[in-house]
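Okay, here we've got a single chain as structure tokens, the form predicted alone, with questions on binding and movement later.
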């Protein structure tokens, strides 16, 4: 199933220009063809192409499934982008395929990348969502300093993954199912000790993702998967 993204499809029966071009020019779909669309907020639409056009393809909505793929928990991944942006983009893609509700890029003390391009992140997330048949698009927050971010967290279940030798539980053992979760993953140089302590002071729990020492992007994907597994016990 090929999915198209049309955020305004509930209001206006047209594909956006980029999706219209892909539909008509690349996939060569024509009038009468049945296609499927997502609106990014849980709606999955079955539609028939009425007027194919490279800039504004008109469709007729045949069926709507609300809350398609909705889960009974939400996951917020706050991760420090890697120096090699390709690695961070790989994390975004794979985590979206697994299932994430919110991404926040963190600027930490030992961060080696302090600038990201939101537009590029949005394209990667959208492509991954369509490929993995997700009707919900993750929210992508602007990059933010760790100190500012940590004091404004709203999720009840808060976890920080780091490599320091201190009391840590395995995330899979302590992750609260069926509830909103936030997981922090630091840069290549890890969080600073001060950042970890600040998180602990703000009701975060130190967790381990396993016995291996993981790259930032790998830790992000593993953490995302462990939260998902914890919610399917």
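Numbering follows the first chain given and starts at 1. Computed from a prediction, not measured in an experiment: that's the story for all the values here.
Keep in mind that the form predicted together with another copy of the chain is missing from the display, and what follows is about it.
Note to self: Taking another copy of the chain as it sits in the predicted bound form, is residue 24 in contact with it (heavy atom to heavy atom, 4.5 Å or less)?
What the structure shows: Heavy-atom contact with another copy of the chain at 4.5 Å: absent for residue 24.
Checklist line | Contact of residue 222 with another copy of the chain in the predicted bound form (heavy atom, 4.5 Å) | finding: Residue-level check for residue 222: yes, a contact with another copy of the chain.
Item checked: is_contact(residue 11, another copy of the chain) in the predicted bound form, heavy atom dist at most 4.5 Å -> Flag for residue 11 set to no.
Margin query: Since only the chain is shown here, I'm wondering whether residue 170 would be in contact with another copy of the chain in the predicted bound form (any heavy atom pair within 4.5 Å).
Written below: Yes, residue 170 is a contact residue.
Next item on the list: From the candidate stretches 90 to 98, 149 to 157, 104 to 112, 135 to 143, select the single one in contact with another copy of the chain in the predicted bound form, where contact means a heavy atom within 4.5 Å.
Entry: Every other range fails; the passing one is 90 to 98.
Next item on the list: Residue by residue through 197 to 221, tell me which have a non-hydrogen atom within 4.5 angstroms of another copy of the chain in the predicted bound form.
Entry: Going through 197 to 221 in order - heavy atoms within 4.5 Å of another copy of the chain in the predicted bound form - the hits are 212, 213, 214, 215, 217, 218.
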